[in-house]
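Presented below, as structure tokens, is a lone chain in the form predicted alone.
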């Protein structure tokens, strides 16, 4: 007896990812999951709008005048939520042609708009996975996208929930150690997006440890020469960017486990039908 034909995919993965990139939740609406799409849209865009309110939409006024071009802001974490980013650029842009005082909640606001971008990137991962599943298969609670999100929030946490405790501990100690060392060498100057727009974006990929350090030491004024400021700036930023590699490792491991489990299930079903 011939094996049963495979069930078609839920949708086109590329289309689901692109739709999610432009409008959070749109990819899952396309895949026939309207409730999930509504919740995703509310959470991701809610974070972005709250961040805009707290920052007064002034997040890109940090950029120096010579850097204010059409592509330079695209290197910011906010571009993970492309729709929100484009709306901010249209409504607020680079602000007034003269400097003005930032609101007291500027740091928190910028952190929220950046977090919205990273969260939507994880949602794009989920949309890709859900599109590749058979239409009749229910989404798994062991989502690689969730593991990736945890890996961003706390370096090593994604590995920990996968049962890879030693690797998780090593990632945490190395990356959070680099972030802490860089902050100590730069006397906290690395934590200012106003002073170091792009380096700040790199270290933001270290998630909560970077945000906690910024909350504790980010408002310190530079009152004297800092001998190792540049070294600290680079070390902290590289630590955050290395967490992107850790997130990819978490995703690859989780996806492989999920694929192996699904293959085993399909093989068992085919054997039962053949028998």
Partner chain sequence: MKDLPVHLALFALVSSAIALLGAFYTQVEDAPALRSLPRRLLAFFLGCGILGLVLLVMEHTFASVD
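From a predicted model like this one, the values you see are computed outputs, not experimental measurements. Positions refer to the first chain, counted from 1.
The discussion below concerns the form predicted together with its partner chain, not included here.
> Tell me, yes or no, whether residue 242 is in contact with its partner chain in the predicted bound form, where a contact means a heavy atom of each within 4.5 Å.
Residue 242: contacts its partner chain in the predicted bound form.
> Residue 154 versus its partner chain, in the predicted bound form: is there a non-hydrogen atom within 4.5 Å?
Residue 154 lies outside the contact set for its partner chain.
> Taking its partner chain as it sits in the predicted bound form, is residue 30 in contact with it (heavy atom to heavy atom, 4.5 Å or less)?
Residue 30: no contact with its partner chain in the predicted bound form.
> Looking in the predicted bound form, any heavy atom of residue 231 within 4.5 Å of its partner chain?
Residue 231 belongs to the contact set for its partner chain.
> Considering its partner chain in the predicted bound form, which of 47, 213, 40, 235 comes within 4.5 Å of it through any heavy atom?
Contact with its partner chain in the predicted bound form is made by 235 alone.
> Which residue, 146, 195, 181, 82, is the contact with its partner chain in the predicted bound form, using a 4.5 Å heavy atom cutoff?
Among 146, 195, 181, 82, a heavy atom within 4.5 Å of its partner chain in the predicted bound form occurs only for 181.
> Can you work out whether its partner chain is within 4.5 angstroms of a heavy atom in all three of 10, 12 and 15 in the predicted bound form?
Not one of the three qualifies.
> Picking from 98-106, 82-90, 163-171, 114-122, which part of the chain touches its partner chain in the predicted bound form when contact means heavy atoms within 4.5 Å?
Of the options, only 163-171 has residues within 4.5 Å of the partner.
> Can you list, in sequence order, the residues from 183-208 that come within 4.5 Å of its partner chain in the predicted bound form, counting heavy atoms only?
Only 185 sits within 4.5 Å of the partner.
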